[in-house]
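The chain below stands alone, shown as structure tokens; this is the form predicted on its own.
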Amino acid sequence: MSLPHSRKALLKEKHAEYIHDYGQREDTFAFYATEHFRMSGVYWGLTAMHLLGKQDMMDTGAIVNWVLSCQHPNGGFGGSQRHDPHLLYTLSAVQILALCHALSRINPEHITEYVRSLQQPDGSFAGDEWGEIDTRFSYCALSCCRLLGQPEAVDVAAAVRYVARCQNIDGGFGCTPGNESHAGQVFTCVAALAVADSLHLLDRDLTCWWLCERQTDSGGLNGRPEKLQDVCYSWWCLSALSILGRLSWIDQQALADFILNCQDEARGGISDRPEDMVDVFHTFFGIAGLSLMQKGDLVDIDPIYALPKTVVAELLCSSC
């Protein structure tokens, strides 16, 4: 791939400005349209800033106070202040507080009680009280408990058995047993097994073969066979390959070039594909993918917990 000269390197300053300014614009349609998942949006932006080494540009005090205002009496967190608690946003809240060194502001047992209340008899987890089951929620539950120093707050053995049942004969994983393999689900399942020290339950080579088959002629990765490449899979695929020790199985330079070509050199940010509209979601996952490949002079990200390695080391050491 021949890149425009302005996109041959990671535009760190531009991306930091884009993320910082994005959080300041509260008078846009996008601000209100994304209200229901704002907690994850804050996590994506703040983590990206940490990877860029620009976290000091963020008002962490205001961020922490906002996160705490989204907690519900049952211990869970909503996507924003007016939304119901959900496992996805509870994990995002814990990750944000970890980034801000503010976990002391919450009661870990209160949160893990909420997480435990969502585990089902077969070991799976519902995302919220309405009962949707998805392996994403298994990862959220196990990761949340581990980061809070409460790894045994849920039935880990049952959770692992359920995740293992979601692996398909092609090596990938689905959102429930028998569902189509998808790169996003592969990350959540592989990472969940890693959190639970149960990676021995899968065939590493088979899973990683399925993952490396996601690389397209563009250099970018897709989420399923015959689908378009998308920057976000630079995280979903690479993280699992990294966890399983097979990062070298893809053409990393071709992928890095694809990510760099998705940058907006005028105002910053990264899009899903070249010349598309940028957003915080793809900006974070593009930067995270480059970090996994150690390209762009970025802070190292942990492939299991999706946080800077220094933050994870501090948390896991303190809970030993």
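So that there is no doubt, residue numbering starts at 1 and follows the sequence shown. Owing to the predicted nature of the structure, the values given are computational and were not obtained by experimental measurement.
Another form, the form predicted together with a small molecule, is not on view; read the next lines as being about it.
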Inset, instruction - Sort through C232, V160, L148, V154 and report the residue having a heavy atom within 4.5 Å of the small molecule in the predicted bound form. - result: C232
Inset, instruction - Note which of G184, G75, G219, G78 lies within 4.5 Å of the small molecule in the predicted bound form, where distance is taken over heavy atoms; exactly one does. - result: G184
Inset, instruction - Within 4.5 Å of the small molecule in the predicted bound form, counting heavy atoms only, one of 279-287, 63-71, 50-58, 258-266 shows up; tell me which. - result: 279-287
Inset, instruction - May I ask you to state whether S143 is within 4.5 Å of the small molecule in the predicted bound form, using heavy atom distances? - result: no
Legend entry - Contact label in the predicted bound form: I250 to the small molecule, heavy atom within 4.5 Å: no
Legend entry - Non-hydrogen atom contact S138 with the small molecule in the predicted bound form at 4.5 angstroms: no
Inset, instruction - Give a yes/no on whether W236 approaches the small molecule to within 4.5 Å in the predicted bound form, heavy atoms considered. - result: yes
